[in-house]
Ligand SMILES: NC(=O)c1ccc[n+]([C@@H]2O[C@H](COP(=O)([O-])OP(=O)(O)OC[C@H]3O[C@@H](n4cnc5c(N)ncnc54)[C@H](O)[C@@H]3O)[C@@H](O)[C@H]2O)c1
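Just one chain is shown here, as structure tokens, and it is the form predicted on its own.
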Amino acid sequence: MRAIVTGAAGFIGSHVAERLVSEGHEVLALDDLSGGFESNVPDGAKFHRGSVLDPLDDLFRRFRPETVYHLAAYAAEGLSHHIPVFNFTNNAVGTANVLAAAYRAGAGHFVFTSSIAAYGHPHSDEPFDEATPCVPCDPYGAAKLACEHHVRAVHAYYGRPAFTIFRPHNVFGPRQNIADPYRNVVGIFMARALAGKPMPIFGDGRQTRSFSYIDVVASCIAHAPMAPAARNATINLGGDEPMSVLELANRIAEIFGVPRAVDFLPPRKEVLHAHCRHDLARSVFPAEYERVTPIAEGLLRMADYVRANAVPAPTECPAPIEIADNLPPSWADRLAARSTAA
């Protein structure tokens, strides 16, 4: 199979590309390196540095992809409130551009990574399933949901490409960028623990997530075109173990052998408890879900990777702040310091 993977120098994208290469597929990795690193692109993949907003027809038609995996995105739910135009351009316009190029190049399958953010706040104490109404509460979730609708609309109108939409959540593991201060709490906490600094927690830390180690997520995404039941389906993807942010801080402090030091910050507007059911994922990808890595083991694996690799330069906010109201003070201070330094 010939596959294009967007965001292949990033975290999840690099793992998907790696799976595909290891299984003998021909892979073209597309990434602008705004949040990823070329060293993440697996050996054996062809790399093209470029944006999902670039004209893509020549590249796609030369490669003739059978499947396009679209993972490129700036995934920062909280920050998306403050950079909404950048968020929609990067996510919604970028997805429309990639999908159009995939269609014109004759791709038969389009795999799109959406997000649990599409659901918004829980409507009950029950975890989200794929039938839960989507009422996103931040621009990132709204953009992802818009992309989902667009992917389905293109298929309904033109009859192709077939699609699989995944809603992964709170994914962590090796190659996650721990130098991004605005997203990926596991990476943020590990970077702070490594540096001997307090871990920042918005609110009291009782908010819970089902943190998901990368292995099952990457494997299911990579295998979607080969799974008949994944054709034209929308699937929640990740782990089932709930954990509070405060407990996560405790675990990471223990793993790095440092005292638990927490900097409690004013609460921000966010979903307090976000969890998904994965019955559909288990039925579509039974082999993958037999090997789900527990959070504790996943944290150990990621910590080993973090210790063995240099911490990259900080990945800063990718665009000027468009709406500063309600910007968390710690973020405002960081952005002000950057502006002064510049």
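Residue indices: 1-based, along the sequence shown. Keep in mind it's a predicted model, so treat the numbers as computed, not measured.
Just so you know, the form predicted together with this ligand exists too; it's not on screen, but the next bit is about it.
Residues of just one listed stretch (194 to 202, 255 to 263, 121 to 129, 139 to 147) have heavy atoms within 4.5 Å of this ligand in the model of the complex: 139 to 147. Contact annotation: of the candidates Ala101, Leu248, Ala230, Val171, the single residue with a non-hydrogen atom within 4.5 angstroms of this ligand in the model of the complex is Val171. Interface membership of Ala75, defined by any non-hydrogen atom within 4.5 Å of this ligand in the model of the complex, is confirmed. Among residues of the shown chain, Ser39 is not one whose heavy atoms approach this ligand to within 4.5 Å in the model of the complex. Gly44 falls outside the set of residues with a heavy atom inside 4.5 Å of this ligand in the model of the complex. Contact between Gly35 and this ligand in the model of the complex is found at the 4.5 Å heavy atom cutoff. Applying a 4.5 Å heavy atom cutoff to this ligand in the model of the complex picks out Thr113, Ser114, Ser115 from 96 to 132, in order along the sequence.
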